[in-house]
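Next up: a single chain in structure tokens, the form predicted alone.
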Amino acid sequence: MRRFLVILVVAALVVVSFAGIIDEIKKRGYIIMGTEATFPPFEFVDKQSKQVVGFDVDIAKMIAKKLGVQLVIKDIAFDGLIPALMTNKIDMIVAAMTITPEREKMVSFSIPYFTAGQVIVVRKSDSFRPKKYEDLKGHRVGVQQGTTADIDLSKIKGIEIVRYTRFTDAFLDLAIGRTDAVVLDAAPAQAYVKFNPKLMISSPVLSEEKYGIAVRKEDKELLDFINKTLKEMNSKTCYDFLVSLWF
């Protein structure tokens, strides 16, 4: 009987903790966003203010505002974001993260808030102009570890994949000839190439992916709130304004 009562008490505490995530966030006065701030225009460190800014940050600020709390941003390596979420170091991932079946086994995603796709970046000085993934066979290709590019290219035999914690390091190696190409999302590729005239995008957009905000599976209350906020942003044209601002 005593063991049974202990189990009931523990179960009750677990239910309370699961149901009270928004109350917990409001009580502490801030919500913690996990991201990797090297992915312009979604998230990056502004050179003047030294603050993390971007499209994703503005969306997260809107969620925080609706909750009546401050936004705290933790800059974490991309492949460390889901582990950080699952160990309660952050409350949500807002990091241009593609919704995939593999990730959905570990976390819950919001409704999609952005449609993206992968492109191939090469050096202008080379004659190598790959148009599709298969053209990368026999070449060294940089990807950010744990990203969709990493997952997709890993399925193709004959490509030597070089994985980086941050995609900016992948571009540095491409620029000096250590790799032959880099594969990543179109928007940050366009932003980076704009300020690096030695590089160019050689392919069309090669995929269609949906970005979502990730939360722990048990935090359904927070997920519902995030979805409601995203829908309100769309209905009030806030989303269109942010797109025009950052893209």
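Throughout, we count residues from 1 along the sequence that is shown. Please read all numbers here as calculations on a predicted model, not as lab measurements.
Form predicted together with ligand ARG: not shown, discussed below.
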Considering Ile73, Leu85, Leu153, Ala95, which brings a non-hydrogen atom within 4.5 Å of ligand ARG in the predicted complex?
Ala95
Of the candidate stretches 23 to 31, 203 to 211, 62 to 70, 218 to 226, the one with residues having heavy atoms within 4.5 Å of ligand ARG in the predicted complex is 203 to 211
Can you tell me whether Phe78 touches ligand ARG? I mean in the predicted complex, with a 4.5 angstroms heavy atom cut-off.
yes
Report whether the minimum heavy atom distance between Phe167 and ligand ARG in the predicted complex is within 4.5 Å.
yes
Taking heavy atoms and a 4.5 Å cut-off, does Thr147 contact ligand ARG in the predicted complex?
yes
Does ligand ARG get within 4.5 angstroms of any non-hydrogen atom of Phe39 in the predicted complex?
yes
